[in-house]
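One chain follows as structure tokens, the form predicted on its own.
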Amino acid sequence: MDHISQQFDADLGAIKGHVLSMGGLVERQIVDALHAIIEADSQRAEEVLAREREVNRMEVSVDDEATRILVKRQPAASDLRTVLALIKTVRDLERVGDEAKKIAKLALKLTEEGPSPRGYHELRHIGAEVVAMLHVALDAMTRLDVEAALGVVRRDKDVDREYKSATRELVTYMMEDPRSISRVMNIMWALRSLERIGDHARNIAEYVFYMAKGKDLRHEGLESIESAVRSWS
């Protein structure tokens, strides 16, 4: 039995390592896509698009590994929760990769149409925030750190507020200068992708609660999540 348990732990550790590798690649995709759109760097945008296949390949690979563990080891209780959470995490990471791809495509459009007159400050700020959120969420998953995961949920609320504020300002600007509409809209779509990346980072943080405590807090409000985390202290 000890041998079986050790082999399971090794298999699970390998999957966790692959999830973190995928997370690192996806973080790089976001950073490079942001650089491409802010600096009008078409070469960097093309690199992001080229690496998208690797993101998809990693998702399929981790899915296969996790399925093999479920069938072969038939884990129970916390081990089962961990495998299921890792499967969900790679799906969120793949969707983050999709959003990075969208930003890279918008970067290519802006290099053709010319820069937007507004919105780059917001891209930098919200972009840096969601990259940090994703990094912290993955680190929290590694350490089963529910406090760090809660911090990601709180930051997602801030990102949502900043996104809405930026959108209002950009819409007002387009109304004042209709000639800018096409270029500003590209920035708005990029901001929308960043907001969605924040949502995926929050999802990963919520999987930490499930892995660590067996509680599914998805669809719960921030106050309910804070109350649950306090009860665990």
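Start at 1 and count along the sequence shown; that's the residue number. Being a predicted model, the structure only gives us computed values, none of them experimental.
Keep in mind the form predicted in complex with another copy of the chain is missing from the figure; the text below concerns it.
Inset, instruction - Using heavy atoms only and a 4.5 Å cut-off, determine which of Glu46, Glu39, Asp63, Glu169 is in contact with another copy of the chain in the predicted complex. - result: By the 4.5 Å heavy-atom cutoff, the listed residue in contact is Asp63.
Legend entry - is_contact(His18, another copy of the chain) in the predicted complex, heavy atom dist at most 4.5 Å: No, His18 stays farther than 4.5 Å from another copy of the chain in the predicted complex.
Inset, instruction - Tell me, yes or no, whether Asp156 is in contact with another copy of the chain in the predicted complex, where a contact means a heavy atom of each within 4.5 Å. - result: No, no contact at 4.5 Å.
Inset, instruction - Determine whether any heavy atom of Arg28 comes within 4.5 Å of a heavy atom of another copy of the chain in the predicted complex, and answer yes or no. - result: Contact check for Arg28: no, nothing within 4.5 Å of another copy of the chain in the predicted complex.
Inset, instruction - Report yes if any heavy atom of Arg192 sits within 4.5 Å of a heavy atom of another copy of the chain in the predicted complex; otherwise report no. - result: Contact check for Arg192: yes, within 4.5 Å of another copy of the chain in the predicted complex.
Inset, instruction - Output the sequence-ordered list of residues from 39 to 76 with at least one heavy atom within 4.5 Å of another copy of the chain in the predicted complex. - result: Sequence-ordered list: Asn56, Glu59, Val60, Asp63, Thr67, Leu70, Val71, Gln74.
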